[in-house]
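A single chain, nothing else alongside it, follows as structure tokens in the form predicted alone.
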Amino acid sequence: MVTANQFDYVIAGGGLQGSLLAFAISRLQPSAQVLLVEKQSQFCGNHTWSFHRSDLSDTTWEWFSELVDRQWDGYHVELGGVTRHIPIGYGSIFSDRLNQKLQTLRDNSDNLTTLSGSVRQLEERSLSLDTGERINGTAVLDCRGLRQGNSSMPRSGFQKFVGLEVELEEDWIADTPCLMDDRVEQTDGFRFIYTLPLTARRLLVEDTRFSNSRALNRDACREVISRYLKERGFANYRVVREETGCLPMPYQRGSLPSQMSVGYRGGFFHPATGYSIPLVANLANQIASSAAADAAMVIAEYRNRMRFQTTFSLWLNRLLFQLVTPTQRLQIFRRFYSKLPAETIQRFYALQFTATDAARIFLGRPPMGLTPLRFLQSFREKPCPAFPT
């Protein structure tokens, strides 16, 4: 039971978006009263979130930087037998540490309250809990993740992965992340290994696929990771942590549940990459930089500014999941990283690319299997309910 009945901000959902909102508001509006409601035992779940430094505005970085656990000067890819270094700053935050920082913020603040509970009903100015308690707020923000019943999304593509954080007996072979290494069997769509060197001997390694199916055999993924490490001379290692994920990669718009929905529920993620920090962190900064009464307007304006970029990203997903055969998806990524300048790649990940960038990304020799018939058939697919209009 909370002692106050009226808050400036009520945040439903203590995942990435909800946590970043709590941090941003505490830094930019230290006198605002904030309530964060989460049904799980701890905030943020079990995740690693990565980002490019260029994804974030300078004003967002002022408060976001204190949450960052690891940074690198750049990263590389291994595609088609060619290694390319991308000189764009890269960083990561980890859910367990984000949870600790959020609890510390709450314990040392008079303005942030947290509550464990399930939301029964959410309205623009109030929410009701399963206990029957009703809480009022000038802005009630829905950060609860994908809507119930939409998690399967049979008409969407998926980015799915199993990640193992491991301790090695010797130093890892690279000191920068590898976002894509295609030197694995190309099954179930486009498959690659993602590696994140946290220290010299601690590594996050993920078996990742861009697939039309959400089915994920964890044992098979662990075996692929084991084989990958063994082939590089790291047969002996200790698993510290495991995480899994299945991110939607929609190719059509659906309906938006409410104007106060943000995070994944509101479609604030990069449809063509699955990265969410570029949108949720900058959105949190904009909401926290405005009055609580203006939150709905801020959300709508931010979504409208991203409309060209999100529309084009949905089109790229249509190309990837509907217009070319799964065995040809690798061609698209090889061309992206081998032909495009770093500046275009940077703007693409930040979802700030221009029409000229879009033309550079799309134009060129088309992948095999792209036919007019496939193009027409793809529009028979139903809209994806995870991504808003």
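Predicted model, so just to flag it, every value in this text is computed and none were measured. The first residue of the shown sequence is 1; numbering continues from there.
The protein also exists as the form predicted together with a small molecule; that form is not presented, and the subsequent description refers to it.
Can any non-hydrogen atom of residue 143 be found within 4.5 angstroms of the small molecule in the predicted bound form?
-> Contact check for residue 143: yes, within 4.5 Å of the small molecule in the predicted bound form.
Indicate whether the small molecule has at least one heavy atom within 4.5 Å of a heavy atom of residue 117 in the predicted bound form.
-> Yes.
Can any non-hydrogen atom of residue 276 be found within 4.5 angstroms of the small molecule in the predicted bound form?
-> Heavy-atom contact with the small molecule at 4.5 Å: present for residue 276.
Though only this chain appears here, would residue 126 touch the small molecule in the predicted bound form if you measure heavy atom gaps against 4.5 Å?
-> Close contact is absent here: in the predicted bound form, residue 126 is far from the small molecule, nothing within 4.5 Å, heavy atoms only.
Just one of 318-326, 37-45, 65-73, 337-345 has heavy atoms within 4.5 Å of the small molecule in the predicted bound form; which?
-> Heavy-atom contact with the partner occurs in 37-45.
Single option in 295, 179, 225, 247 placed near the small molecule in the predicted bound form, where near means a heavy atom within 4.5 Å | The option sitting close enough to the partner is 247.
In the predicted bound form, which of the listed residues (54, 29, 331, 50) lies with a heavy atom within 4.5 Å of the small molecule?
-> Residue within 4.5 Å of the partner: 50.
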